[in-house]
Structure formats: C-alpha cells, structure tokens
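Shown next as structure tokens: one chain only, the form predicted alone.
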C-alpha cells in the first residue's frame, strides 16, 4: 500500500495504540491529531474507540461542522465503537452533539449484563469490507449502541441478550463499526486494511 496521510483523531480517550499499530501493519504510519479542524486535512480519517460520549463530543465541538462537511464531501472515515457513536446526532450516555453525518441517536443496550465485553458474531453483513476480510466474529466493549433513523445504512447486525443492534453502518465513504476490529484477531485487522485500501484507491 503506498504511503498516504492517514489521521487518527485523538479526543483524549481513544484506544490509539492498538489502532495505530493496526494501521502501521498495512505499511503506513498514521498521524495523531488533537485538533478536529486539522484532523480533516488528510486522505483518511479514523475515529478510535474507548471513552465516554460527552468528553469526546466536547473535544470535537470546535470542529464539528468542519468535520461533517468534510465527510459529506467524501473524506473517507472509519469510526470505531465510540468513534461510530460520534457519527450520530446525540447519545443517551450524556449531553453533547456528535458529527451528525448519520441521523439517529445512541442508546443503552437493553440487557442486564453490561457492559458487553467479549466476542460476538455479526449477522447479515452486506458491506464488501466483510467479504474482503472474512470477519464474522468480533470483539465488543460497550454499553451503548447506535440507533439510526434510517435502517438502510446498517450493513451488519449483532445481538446481545435479545437486543438486536447495528454492528456496522455506512453512508458513502463513511463507515462505522460498533465492535473493535483492531482487537478482533487477524480478520479484524484485515477489515481495517480493506477499509484503507478502499479509501486510498
């Protein structure tokens, strides 16, 4: 894979090390950026997982509109776990506004055992990234999930204690995954590599 600028937006709580290592294994070193406006001066934007919605939304707020316009304009973006949730409008986890590139909200999983930590399966995958990577078993660490207003953006599903939720979504070149591909063994790493290959094509 040729060198290209890949940026991980650091909102203060993301799992940067594992994601950066996964990106580096594809042959390019990502840039870490704390400024949301400068973060979109890139070829590919990655929003990492781990953390709480409100603090992340606060870190995003100064550049929220700029980031949304960049994604609407076709900047490839992969949002992971909390990063996926930031693609939506709001979250029941706390106050603050997400990017709003995908209309909908984030709600708590309807289950007794929370957080959901460990392996689960993805069902009905339609995104080509799944076919390219063979990813079916994924690693989760979450209590909240995304509820899109328009379910047509959902590209796979998972179920925890009977609550069926969006495991992944796509709008154009913006992809969100509720699971952690960087922690989902070789197939998960292959999923990230497939996204980068598509984004940089």
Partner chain sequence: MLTRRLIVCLDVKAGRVVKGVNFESLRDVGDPVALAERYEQEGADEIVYLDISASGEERATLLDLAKRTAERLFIPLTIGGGIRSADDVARALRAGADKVSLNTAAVERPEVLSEAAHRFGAQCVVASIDAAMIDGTYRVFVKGGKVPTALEAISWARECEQRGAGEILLTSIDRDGVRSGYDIALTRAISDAVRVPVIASGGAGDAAHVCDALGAGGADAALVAGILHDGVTTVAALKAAMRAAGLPVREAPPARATA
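Residue numbers count along the first chain shown, from 1. Since the structure is predicted, the reported quantities are computational estimates derived from the model, not experimental observations.
Absent from the display: the form predicted together with the partner chain. The rest refers to it.
Using a 4.5 angstroms limit between non-hydrogen atoms, residue 160 touches the partner chain in the predicted bound form. Heavy atoms of residue 126 never reach within 4.5 Å of the partner chain in the predicted bound form, leaving it off the interface. For residue 116, a non-hydrogen atom is located within 4.5 Å of the partner chain in the predicted bound form, even though that partner is not displayed. The partner chain is not drawn, but in the predicted bound form it has a heavy atom within 4.5 Å of residue 141. Heavy atoms of no residue among 7, 30 and 198 are located within 4.5 Å of the partner chain in the predicted bound form. Note that among 133-141, 148-156, 170-178, 39-47, the stretch whose heavy atoms approach the partner chain to within 4.5 Å in the predicted bound form is 133-141. Along 166-201, residues 182, 183, 184, 185, 186, 189 each place a heavy atom within 4.5 Å of the partner chain in the predicted bound form.
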